[in-house]
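The chain below stands alone and is given as structure tokens, in the form predicted on its own.
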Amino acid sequence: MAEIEFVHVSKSYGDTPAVRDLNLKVGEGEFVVLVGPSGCGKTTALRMVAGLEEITEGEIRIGDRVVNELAPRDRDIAMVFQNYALYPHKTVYENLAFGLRMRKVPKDEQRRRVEEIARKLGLADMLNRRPSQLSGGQRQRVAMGRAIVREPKAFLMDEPLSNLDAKLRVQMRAEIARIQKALEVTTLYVTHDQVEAMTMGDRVAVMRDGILQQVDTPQRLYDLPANLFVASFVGSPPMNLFEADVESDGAQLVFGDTRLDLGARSLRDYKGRRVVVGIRPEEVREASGWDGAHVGGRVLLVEALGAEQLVHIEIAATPLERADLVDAAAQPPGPSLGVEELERSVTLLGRFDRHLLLTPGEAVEVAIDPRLLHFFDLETGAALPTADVPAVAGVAG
């Protein structure tokens, strides 16, 4: 095992920056996931560790060595690719043993290690098959086994589950996490799927436009996003966002026809200013029996998911106009579906109990608890400190 460390690493293609001043350390035996939308620089960062991309500036260290000038074969890392990269004319056994044979490992040792890994990955009865005779999940396990059998200092995984169907992805992400914990091998994993990142990583590093936005444990990323982009990217469905005015010495929040007392969440430093307010869908509750501000709205759409239902509710509030500060894929839906338009409206998405009977067009009240709100600067997108919650660093952990 060995640490992987990026020290002020940048990568540019001509005048186009792909990674900008990246500083990140992956500890020995740690599973760190790089996540972000397409084009954010996460795969480029991984390929620089592997030696498949040259570094424009900075240093990459694996263990106690600076590896900037080392060839890929000399870095003692193993990489699992998105397309598996198996040799179609070789058997599973030959694919697993290929790296050992190239390193001139004795044949008895090759067989011992291949058979041991095959047992751990459930491939013991498939060693004589070729890749064309395997399912997608089995091919993925062979690709992982080929990396594991070498006993490298670190694993690099580039979206290894993206070619699998949804059910198999869930199964394989649990399998990869289990294997990594059992082997305790330093792992840097790249994905665009934030659910995958949150369920697998010891820590998750969120990137956007080549810049590291925040790195922390999955739960802290969810509970304490450092900025609007992380808030909108992490969570499925994404966080609801809208604008509101801070009044009464920072003790009240005003949006639409709602005046909400903030209590201990006072924004005294933002008195008289407009801020961005965020609330998770699971915290948007039908008002009956709940404390907090009751906000009137109208049901636009109900999505029944079996165990729960996702309800789209139109309320009077100012929509977030700084779309450049959030994840583009997390933007709220368009105009309401044929119901009366409010003068300034926002669509809140709420997770409701499946037994609550709601229909499109119906008036509804939701309860908003100020203790569960997130606040962000309208100009910079940075998370705001309140009287009971300190500011969150952009890059933590």
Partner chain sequence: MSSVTQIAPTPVAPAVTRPRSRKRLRKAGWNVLGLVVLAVMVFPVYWMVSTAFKPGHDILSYTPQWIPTHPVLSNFTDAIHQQFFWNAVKNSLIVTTVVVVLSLVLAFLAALALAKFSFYGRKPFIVVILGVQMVPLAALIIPLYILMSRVHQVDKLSGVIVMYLTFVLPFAVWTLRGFLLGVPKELEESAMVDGATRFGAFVRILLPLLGPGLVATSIFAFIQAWNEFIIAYVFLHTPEKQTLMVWLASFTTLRGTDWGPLMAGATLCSLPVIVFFVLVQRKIAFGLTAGAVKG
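Positions refer to the first chain, counted from 1. If you're wondering where the values come from, they're calculated on a predicted model, not measured in any experiment.
One more form of this protein should be noted, the form predicted together with the partner chain, which is absent from this view; the next part is about it.
Only one of 196-204, 253-261, 129-137, 302-310 places residue heavy atoms within 4.5 angstroms of the partner chain in the predicted bound form, namely 129-137.
Think of it this way: in the predicted bound form, the partner chain has a heavy atom of just one of 320, 121, 244, 78 within 4.5 Å, and the residue is 78. Of the residues 171, 163, 217, 248, just one reaches the partner chain in the predicted bound form with a heavy atom at 4.5 Å or closer; this is 163. Although the partner is absent here, residue 280 lies well away from the partner chain in the predicted bound form, with no heavy atom inside 4.5 Å. Within 4.5 Å of any heavy atom of the partner chain in the predicted bound form lies no heavy atom of residue 91. Although the partner is absent here, residue 50 is a contact residue: one of its heavy atoms lies within 4.5 angstroms of the partner chain in the predicted bound form. The partner chain is not shown here, and in the predicted bound form it never comes within 4.5 Å of any heavy atom of residue 176.
Contacts with the partner chain in the predicted bound form, taken as any heavy atom within 4.5 Å, map within 96-112 to 98, 99, 101, 102, 103.
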